[in-house]
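In the block that follows, a single chain appears as structure tokens, in the form predicted on its own.
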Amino acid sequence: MVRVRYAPSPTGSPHVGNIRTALFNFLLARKEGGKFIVRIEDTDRARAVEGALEDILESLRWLGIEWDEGPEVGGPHAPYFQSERLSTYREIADDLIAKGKAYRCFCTPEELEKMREYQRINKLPTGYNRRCRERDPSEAESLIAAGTPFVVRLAMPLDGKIAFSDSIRGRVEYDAALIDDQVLLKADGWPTYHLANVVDDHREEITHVIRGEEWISSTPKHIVLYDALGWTPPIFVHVPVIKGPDGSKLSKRHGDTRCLDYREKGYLGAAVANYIALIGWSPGGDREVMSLEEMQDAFSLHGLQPSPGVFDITKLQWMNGVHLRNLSPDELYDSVKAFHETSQDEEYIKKPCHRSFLKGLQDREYATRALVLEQERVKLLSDFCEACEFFFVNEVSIDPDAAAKWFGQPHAKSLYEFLLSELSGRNAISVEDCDALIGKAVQQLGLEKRAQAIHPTRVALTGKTFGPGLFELMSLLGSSRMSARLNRAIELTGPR
């Protein structure tokens, strides 16, 4: 059975590149009927950030990624926090020392810095000089007895090649002589990433390790460690980095922010998952917009690309708009309401339309119809507030340029008065009725084109020169709201 893992460190909230790795692992597990494990690698206590764990798990949930084993779920290989397994790592380190595969290093930080300085001055390769690897055993025992602090280092091969196979890049080789004797256990007894990672992957029966290509240079050390422990290494899959549209390393200016920041800005989790999955993976054909289930069915390691992917925020916005348009009316309402009730974005909350929009959402039927009318035109959940504002306020804010152009038309006041008279006494009014009403106004006023009635009416009712279909929005506003706005428009047009 395929068993894969996502193993973040709680040193911050996950960003796009990090969460993409989780998604690839999840998709492979679901495609192959395997298990997706979440493991928290919390051994770097100095860099731990409060709230990071919660952000990690919430990011996964928002994207629709469910884990089979891990925090809050448990599983046969619990605990899934490395900090709760320190005794295991120490036992493994002691076993490696006993086998001659690792050794204790008593060099102080000051000694190590002097060594590196000497190497830099003399333009030598930087790295540990293996001084303690050759230390006399009796001297080492004396230092231990005296309580001298030490770390445990892996005894790397001194010559030859270290090779492994990568699913994307094929055979990869490194010169053993150029690889440092990596620290496995720190002086405080806590493991480094290299030891804990290998031990946990073996213990949890991980079959495939999908991770970023920045870990390729560490893989030879892991291969040696697997061999020293007599374990079979997993299949390695190192996915390429993500770059910005300009070809440079992805940064905040390209949109590389916290994954949850996209939720705050009004993106759908399904759209973000869809987009980041396609950065470096091809499902075949020309498919782009896909649900999580469709991506699961299509996913294959063969579709992963060796070249860096590009993150384009404009493309993400487009894709989010497509996902929005694919929502049913009920799904749309629920998504918009949940977003606006939970948003923590201060800039968005301060928008003038926010309060009236929240109030308007309480009428589910009316609000749903309004949202559907704007569904084709928006890209983000946050766009609905301004787009639908005129549906929910008593008095619309009228664009001065639109008012100057259309309220100044010689027939504007007569048009509004005619519409008012026709709406008098009406309750519900259908889209067809609204279409007929505008047609009747054109005929009654002797206008040459329907546009001469449509544009002034739109401005009077919405304050804008653009928006959803006029007849549809007229029908939804209803006679009472339209009459109030037409009366105001008559006042604003001034005397004849």
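Note that residue numbering follows the sequence shown and begins at 1. None of the values given here were measured: they were computed from a predicted structure.
What comes next is about the form predicted in complex with the RNA, which does not appear here.
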Can you say which of 26 to 34, 439 to 447, 465 to 473, 55 to 63 gets within 4.5 Å of the RNA in the model of the complex, counting heavy atoms only? 465 to 473
So, in the model of the complex, is T148 in contact with the RNA at a 4.5 angstroms heavy atom limit? no
State yes or no: in the model of the complex, is some non-hydrogen atom of P400 no more than 4.5 angstroms from a non-hydrogen atom of the RNA? no
Can you tell me if S9 lies within 4.5 angstroms of the RNA in the model of the complex, counting non-hydrogen atoms only? yes
Would L229 count as touching the RNA in the model of the complex under a 4.5 Å heavy atom rule? no
Taking a heavy atom within 4.5 Å as contact, would all three of E173, S282 and T314 count as contacting the RNA in the model of the complex? yes
Which one, Q344, S217, S424, N394, lies within 4.5 Å of the RNA in the model of the complex by heavy atoms? S217
Considering non-hydrogen atoms and a 4.5 Å limit, which listed residue (H323, R211, H208, R153) is close to the RNA in the model of the complex? R153
Which of the residues spanning 105 to 140 lie within 4.5 Å of the RNA in the model of the complex, based on heavy atoms? C107, T108, P109, L112, R116, K123, L124, P125, T126
